[in-house]
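Just one chain is shown here, as structure tokens, and it is the form predicted alone.
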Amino acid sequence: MNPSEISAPGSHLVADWQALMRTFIHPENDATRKILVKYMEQILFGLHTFLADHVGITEEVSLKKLAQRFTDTRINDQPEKKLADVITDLIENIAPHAVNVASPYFVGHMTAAIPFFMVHLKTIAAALNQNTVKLETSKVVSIIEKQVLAKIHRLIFNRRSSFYDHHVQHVETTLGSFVEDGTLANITALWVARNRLLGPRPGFAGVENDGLPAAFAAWGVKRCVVLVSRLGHYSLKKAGGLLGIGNRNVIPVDVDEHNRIDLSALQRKMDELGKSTAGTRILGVVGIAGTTETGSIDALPALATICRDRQIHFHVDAAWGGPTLMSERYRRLLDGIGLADSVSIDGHKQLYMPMSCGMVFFKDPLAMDVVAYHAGYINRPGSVDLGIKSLSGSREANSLILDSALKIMGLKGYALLIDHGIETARQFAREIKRRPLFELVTAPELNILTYRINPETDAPHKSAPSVHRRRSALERLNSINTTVQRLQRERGKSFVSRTTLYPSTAQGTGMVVLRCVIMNPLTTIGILKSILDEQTTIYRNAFSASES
């Protein structure tokens, strides 16, 4: 059904004051109330059934056809539809073409299937509509935010109880900040690192006040760089651009055979920058606790030691893997994270919160003083408004949702989810190895793995003496995996993503791999086997005939 078929624009809908007040305060009539109750009851008390019934994974309708349905660029003078019609339109015409990220067959991206109670918490947070930029628009919510930040800070840095007793509600210190996502969390961390590196000195008010040209002149610097594994998140490149150092100065470092930053390559790069590039300062080194593509974790203790010895800001991007700290069984994978100067974590990933929620934490409670801003009407000097030291301005009360979720789930509840993802990923890796058609490319360290279809007929790509033949075979495998992934997505039953890796065996040509992210507690090894079965069928239908 086309959206315009639900109810044609009617002249009886008028935007007068009486109608506005009626719409603003309560449902228009009993019919509207029934529609709201009908759908909201399903969403509030049967979320996953509702999503399964009304939302596809990737229904086979082209983006071009969908785009053609949404080309009206005018806003009507008068109301077009009643609330009941709009709700019906959302459920019947929009939702089927959205993505059911809650499906246990959706194992391709880092988007969570949220627990049903998150919708309740989100609804209450939206209804309260608190703005945590300022106490005058949030009051107790800002106090709760400082408390929940201290809880996660303690999980990461594990300082003494007396430290948290002192800082949890201290009006002049900051343990961290809520932002919208991991991108802004990483940018905030490097913003703080830049301002501390290029801070005030006699005749210079600091880079935040006087800008980079003046900062470089005052400190005798020609270039600032950030070093990170080449599997680092692209948000770090954004940070380079936004902070004025240039995204080319976010320098990728080679990885080892386990997809972790190569420590020898890192130290060689540091030495090279120090000796041959006069006036270069390393603004920060970023360790990754769960890379986006492979889920690998850098050697955090070693990175911390290198940064400490060279007096460099050490940031850990734990947007993905940070919540692993809640697992007694697997928290050792993140050993060394507490040695970082700053850490980022995403709430809407493995804390299973609704979109969108990011957080950044600093070991030093005074670190964020270098990014403090004030205004006459808000965040005045001397106030305790959280917006003083936040990259974001107005923000919703995500802290209420996270604080409530921690109380509902507890560490052990979250640990069950983390453990399930890691252990199911390991089971899946074993299953891939058992199937001759498939090749495991990167084994799971957390709950992400990559693999590809590699039929025995294409095995010579590894041993063929000719570089041309090896490259040709790899390109054929890439084409097979790209096609199978696309066809499976278009079938609409399940979803595995794909990415391109550059291992040393790839001879300079990227290797297309299938990428699986297992974070839904409803995803079982049986479901994953069926996904492999489907890929096998797709491959045979699309390629086997041409090979025979």
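Since this is a predicted model, take the numbers as computed values, not measurements. Just count from 1 along the sequence shown to find any residue number.
Omitted from view is the form predicted in complex with a small molecule, to which the following refers.
Although the partner is absent here, residue 445 lies well away from the small molecule in the model of the complex, with no heavy atom inside 4.5 Å. Residue contact with the small molecule in the model of the complex: residue 319 places a heavy atom within 4.5 Å of it.
A residue is said to contact a partner when one of its heavy atoms sits within 4.5 Å of a partner heavy atom; residue 194 fails this definition for the small molecule in the model of the complex, lying far away. Although the partner is absent from this view, residue 419 stays clear of the small molecule in the model of the complex, with no non-hydrogen atom inside 4.5 angstroms. Checked against the small molecule in the model of the complex, the residues 387, 284, 290, 108 give one hit for a heavy atom within 4.5 Å, which is 290. A single residue from the set 81, 395, 233, 269 has any heavy atom within 4.5 angstroms of the small molecule in the model of the complex; that residue is 233.
Picking from 419 to 427, 174 to 182, 302 to 310, 400 to 408 the stretch near the small molecule in the model of the complex, with a 4.5 Å limit on heavy atoms, gives 174 to 182.
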